[in-house]
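Listed next as structure tokens is one chain, alone, in the form predicted alone.
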Amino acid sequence: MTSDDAGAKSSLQRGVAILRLLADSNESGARLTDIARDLGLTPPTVHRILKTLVEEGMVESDKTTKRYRLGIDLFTMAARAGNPNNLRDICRPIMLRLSATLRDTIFLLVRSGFDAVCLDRSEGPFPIRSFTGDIGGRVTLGVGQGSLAILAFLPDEEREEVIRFNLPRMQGVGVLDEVYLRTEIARVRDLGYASRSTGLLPGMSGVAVPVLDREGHAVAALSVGTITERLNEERLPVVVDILKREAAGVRRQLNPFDPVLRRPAAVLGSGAA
């Protein structure tokens, strides 16, 4: 690698770091000096990279407040990416139907390396909190009902790799130890759904079912997020039955030759984010 190549790579990495920081900022955006401080970069370096990102439409600059935020072109690109196996297009009408029928918020999660990412979300009438938050949010595989449903139905070798890597990342997020995690995985595989609450989001409950390929391995999860009183013992079986039926419908529409189904970790990313 030449010095020019190394410099380009370094600038690209810094640009991505700036985009990630702006993504984590609230709607008001962030000032140049704050970005430089948080990333440990010099203000001139941040200014140069931001100038390029603004020119390319990836970032917007508010000349009045002197704050930067993600640009609309970035969202346009994001909407056209991250749609493995055309899952979003397949699941969107199903999610709208589910949220209208159940009157709860519906999530579509997919695996990305050692995490689960929210690929889509259909809002219900009740305000809720979730581990992934909005579209594009991610959570460690095994934390929360949706990501646990995916983890439980991964191929055996991939599941073991994820467990080994993620156990240290799960400390303090409701997973007590390896025995607890493996017990929960066995429970999900036996029931065909995940519903146990970690208690980390008070007043919130959820249930998720995996979307399986033709070999019985998870490619995604459909998840319901709601307030606890709406997911009582009477209603839970009804919701699970509806979710399973819709997940089976998605399965019938999947292309068995799609590379995402054959090698999900390689296509969606095998490293931790």
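Throughout, we count residues from 1 along the sequence that is shown. Not measured: the values here are computed from a predicted model.
The following text describes the form predicted together with the DNA, which does not appear among the structures shown.
**Q** Are all three residues M95, R103 and P125 in contact with the DNA in the model of the complex, where contact means a non-hydrogen atom within 4.5 Å?
**A** No.
**Q** Exactly one of G216, P43, P237, G57 has a non-hydrogen atom within 4.5 Å of the DNA in the model of the complex; which residue is it?
**A** If I apply the 4.5 Å criterion carefully, the residue I get is P43.
**Q** To verify the annotation, which of these, R31, R69, R230, K244, has a non-hydrogen atom within 4.5 Å of the DNA in the model of the complex?
**A** Contact check passes for R31.
**Q** Looking in the model of the complex, any heavy atom of R14 within 4.5 Å of the DNA?
**A** Output for R14 is yes: heavy atoms within 4.5 Å of the DNA.
**Q** Answer yes if any heavy atom of S10 is within 4.5 Å of a heavy atom of the DNA in the model of the complex; otherwise answer no.
**A** S10: yes, in contact with the DNA in the model of the complex.
**Q** In the model of the complex, is there a heavy atom of the DNA that lies within 4.5 Å of any heavy atom of I49, even though the partner is absent here?
**A** Judged by the heavy-atom cut-off of 4.5 Å, I49 is in contact with the DNA in the model of the complex.
**Q** Only one of these stretches, 244-252, 35-43, 203-211, 217-225, has heavy atoms within 4.5 Å of the DNA in the model of the complex; which one is it?
**A** Of the options given, it is 35-43.
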